[in-house]
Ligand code: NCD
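Form predicted on its own, single chain, as structure tokens, below.
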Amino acid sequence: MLHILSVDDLSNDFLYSLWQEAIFKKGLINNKLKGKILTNLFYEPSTRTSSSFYSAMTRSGGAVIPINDVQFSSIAKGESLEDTIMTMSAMSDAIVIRHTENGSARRASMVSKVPIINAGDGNGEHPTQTILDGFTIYCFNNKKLSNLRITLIGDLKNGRTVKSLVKLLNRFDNNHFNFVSPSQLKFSNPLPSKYYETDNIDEVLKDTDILYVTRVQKERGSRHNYSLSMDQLNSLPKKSIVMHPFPRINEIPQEFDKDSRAKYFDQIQFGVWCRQILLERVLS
């Protein structure tokens, strides 16, 4: 049984194979998962991730049990995570879970009879976001994930997408990371071998290949406001790309959306393609 709990569960060979299949199929509708049922179990709000898994599952002919507001489920009555997981694993063939607590996906995997896919646990990891983030870089960087200058800005303390992406990109040769945040929101995981920390984005923009922008997570107690100006974004190299896991608050002006370097809506489309292949592999 294949659980996807962390980026550590995703080997490079697995990712390359998944990405190559995603490029070939591009979300092709099929019946590979006909008769299979996925439970979307979201203890936190979600638009893109829950909808992306829903779209991916139905594109492959499967069905989805959507639990996107746990206040209307038995969880609101005090049911434990373990009991909820055992209940839903009796009704479905895999469970996608997002939870407020670190380690919740691993807890779920200990009792589940079906594969668990971590869609974000607290401020821990978000491995399927990293699959599509890595795919975005792979597609727009000549199918390479090495020799990159990656600048990450925002709530790096609580940003699970950042933590998972750094974990992945740190596997590859000669990648340099710029961490940009105020001191109270500094990157809280082990730092990679090549890095630079600053609270001034202007120090590193002109020397950036990948700009990964994140919002400040007020729901986790973070307090800070920032937004990048068009002048700052225009100072990026012409071959660089700008990414954002969304939701966007005011970090990137909408005016920049038409710029060829803006790839965050590609990320969303790629999420469906990648999750479709992932589900086909996990459920086959």
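Note that the coordinates shown come from a computational prediction; the quantities given were computed from them, not determined experimentally. Heads up: residue numbers just count along the shown sequence, starting at 1.
The protein also exists as the form predicted together with this ligand; that form is not presented, and the subsequent description refers to it.
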This ligand contact at S112 in the predicted complex, heavy atom, 4.5 Å: no
This ligand contact at F256 in the predicted complex, heavy atom, 4.5 Å: no
Close approach of Q217 to this ligand in the predicted complex, 4.5 Å, heavy atom: yes
R160: touches this ligand in the predicted complex, heavy atom cutoff 4.5 angstroms: yes
All of T49, R98 and P247 within 4.5 Å of this ligand in the predicted complex, heavy atom check: yes
Per-stretch contact check against this ligand in the predicted complex, the hit in 88-96, 160-168, 136-144, 196-204 (non-hydrogen atom, 4.5 angstroms): 160-168
In the predicted complex, residues of 119-142 near this ligand [heavy atom within 4.5 Å]: H126, Q129
